[in-house]
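Take a look at this single chain in structure tokens; it is the form predicted alone.
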Amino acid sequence: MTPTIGILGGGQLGLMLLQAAIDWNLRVHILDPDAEAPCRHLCTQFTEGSLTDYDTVYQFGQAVDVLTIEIERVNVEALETLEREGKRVFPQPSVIRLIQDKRLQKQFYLDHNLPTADFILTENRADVALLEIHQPDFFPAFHKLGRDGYDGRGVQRIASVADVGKAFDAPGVLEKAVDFEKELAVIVARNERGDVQTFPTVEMVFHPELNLVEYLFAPAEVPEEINQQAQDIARRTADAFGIVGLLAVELFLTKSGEILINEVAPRPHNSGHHTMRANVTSQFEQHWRAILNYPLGDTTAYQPAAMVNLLGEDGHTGPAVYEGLETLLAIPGVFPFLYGKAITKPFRKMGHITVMDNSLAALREKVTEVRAGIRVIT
């Protein structure tokens, strides 16, 4: 009998998980606080409710056989109770708990000999200010909130000791800025048997102010030795966590050729959206394979690919209008995916566009055309 699956979160990642679930006739229940969440009309059953409330998450979990997430900001205590009572919860609550807190996450890398940037755990702004006296050479650095930061929120650049007033007055981690050449990512899948499969390494380009991915290229344009290092570190990280499901491992390639872990996410991730068209198995199908303990799928890419995030235009808040969509659809190898969000806001993720071509050079030209050709306005 096909299990009933519950997803905590009904946003765009849940939507794309549902697209893959439909192929296998999976019954999927969704819990989300937004009454108009993108998943609402496509899932088997929708429940409006808080992802961080113990009772809400616990009651939701009672009606399903397997629980998973599309966002880390969930009530872990409820998931731990459900797991003790025999529910299958993937990724495991212990893994979510570690990754929810960047302080615990960074210490985990240190304890497991996984390469990461130098860091200092801080309790408040005063701790950061003390470094002005004791370790002034630690700057420039990034101060990150221990919990609840995402998509650029909860991250503050401290360029020098003169900027320590910008630090968060809450528990956080201060990471020494990395002089990097490129930002890479590898998505790893791991099932209950311990089988591991990785997707090809991608190269990400971040928005300079928003600290979120603007676009990416797959495969990353790096020497094979660097690619193998990135793949190996991603596998080692997934094994260290013992995760069942997907783990997106974001990496820095330093100018000296060193690879360092930046952060991880225990779910489908922005760095794998292109796999819906570009790879034999998408990250979303692979997630189902992993948490249902099925054989992991072939991750081979059909062609070089890019992914462009479709963000709400600055200065536009209101009903979304996709200007230029028809022009985009006329370009071969261009595949838009819209997230079903009725209201656009400045820099809100409204969709993404997968772009494919025979070579990275042709792909880069096409990405420039795509980025100039569409806007989300009101």
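Start at 1 and count along the sequence shown; that's the residue number. Note that the structure is a prediction, hence the values are computed from the model and not measured.
Although not depicted, the form predicted in complex with another copy of the chain is the subject of the following passage.
Of the candidate stretches 323 to 331, 306 to 314, 63 to 71, 48 to 56, only 323 to 331 has residues with heavy atoms within 4.5 Å of another copy of the chain in the predicted complex. Though the partner is left out of this view, P223 does not reach within 4.5 Å of another copy of the chain in the predicted complex, counting heavy atoms only. In the predicted complex, another copy of the chain lies farther than 4.5 Å from every heavy atom of P33.
Using a 4.5 Å cutoff between non-hydrogen atoms, I22 counts as a contact of another copy of the chain in the predicted complex. Interface residue remark: R193 is counted as part of the site for another copy of the chain in the predicted complex, having a heavy atom within 4.5 Å.
Though another copy of the chain is absent from this view, in the predicted complex it lies within 4.5 Å of a heavy atom of just one residue from Q135, N293, N124, Q156, which is N293. Just one of E285, E175, E263, E183 comes within 4.5 Å of another copy of the chain in the predicted complex, counting any heavy atom, and that one is E285. Taken together, C43, D298 and F337 are fully in contact with another copy of the chain in the predicted complex: each brings a heavy atom within 4.5 Å.
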